[in-house]
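Given next, in structure tokens, is a single chain: the form predicted on its own.
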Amino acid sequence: MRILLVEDDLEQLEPLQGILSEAGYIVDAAEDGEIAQWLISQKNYDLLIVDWMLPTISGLSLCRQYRLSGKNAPVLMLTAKDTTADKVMGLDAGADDYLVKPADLVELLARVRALGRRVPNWQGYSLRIADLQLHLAELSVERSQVKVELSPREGQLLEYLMRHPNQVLTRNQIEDALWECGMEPESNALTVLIRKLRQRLQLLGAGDWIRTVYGMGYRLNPQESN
């Protein structure tokens, strides 16, 4: 899951970015509203975590503009503004959740997981497509009671494909989803990663679920077991 974290206080931004990355999320960070606005115009995010009081563009304005643009990823507002009126204003601006600083990190991660589950193919703490189940917390994929471990990057790739089943995804779309802003993958990095993930899925009899669409990209083509 790709997250945009917007926080102007570096003493809070850097540790929080590290904790979210350790939890397996791909995290882009912005220190002000203007940078966040540019990142939003360049990338598709699965979740935004936004401070209210930001330089250049406030988190409240950023949230309103995000909703007016038609984008619908969940927004978690993380702010020191703690009155009931503040919370109402934040939620009415388009935030899906509201957490007051200083936030308990365990609670914050739980709220991130909860917001990330707002896709139809979530079941419990796993993503499920047909009879293939991805356990994100333990980085494993399971089918017919056989479980295979994944590397963090393999897990991120499979998660992205499972969130967009039956869709042709271009190489640029996949690279944008998996690599943080400012990180340029090597030219063959995605090809190698796709091959490794296919090898893992082959152990479950699902290696051919990832189809190459020549000249375009890749598509996850789920198949029910016989």
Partner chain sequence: MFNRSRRNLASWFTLTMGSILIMFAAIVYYWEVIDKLEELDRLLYKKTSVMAANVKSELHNGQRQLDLEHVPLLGSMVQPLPDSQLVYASWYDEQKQLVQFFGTIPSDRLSISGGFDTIKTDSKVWLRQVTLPVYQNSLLIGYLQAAMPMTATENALAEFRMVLAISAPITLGVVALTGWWLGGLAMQPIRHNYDHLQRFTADASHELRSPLTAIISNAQYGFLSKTTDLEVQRQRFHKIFDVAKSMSTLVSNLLFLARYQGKLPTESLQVTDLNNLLVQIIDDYATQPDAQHLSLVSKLLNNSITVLGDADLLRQVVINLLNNSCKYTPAGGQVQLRLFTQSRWAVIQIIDNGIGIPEADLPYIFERFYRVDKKRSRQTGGFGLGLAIAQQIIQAHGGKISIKSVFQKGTTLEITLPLK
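Here the structure is a predicted model, which means the values were calculated and not measured. Residue numbers count along the first chain shown, from 1.
The following text describes the form predicted together with the partner chain, which does not appear among the structures shown.
Chemist: In the predicted bound form, does every one of M53, A80 and V106 come within 4.5 Å of the partner chain, counting any heavy atom?
Modeler: Answer is yes for this spot.
Chemist: To test your reading of this chain, name the stretch in 128-136, 151-159, 67-75, 98-106 whose heavy atoms come within 4.5 Å of the partner chain in the predicted bound form.
Modeler: Comparing against the partner chain in the predicted bound form, the contact stretch is 98-106.
Chemist: E175 versus the partner chain, in the predicted bound form: is there a non-hydrogen atom within 4.5 Å?
Modeler: E175: no, not in contact with the partner chain in the predicted bound form.
Chemist: Should V213 be counted as a contact of the partner chain in the predicted bound form, where contact means heavy atoms within 4.5 Å?
Modeler: Flag for V213 set to no.
Chemist: Consider Q202 of the chain shown here, and say whether it contacts the partner chain in the predicted bound form, taking contact as heavy atoms within 4.5 Å.
Modeler: Flag for Q202 set to no.
Chemist: Should D208 be classed as touching the partner chain in the predicted bound form when contacts are defined as heavy atoms within 4.5 Å?
Modeler: No, D208 is distant from the partner.
Chemist: Looking at the partner chain in the predicted bound form, which residues in 12-27 have at least one heavy atom within 4.5 Å of it?
Modeler: Heavy-atom contacts to the partner chain in the predicted bound form: Q12, E14, P15, G18, I19, E22.
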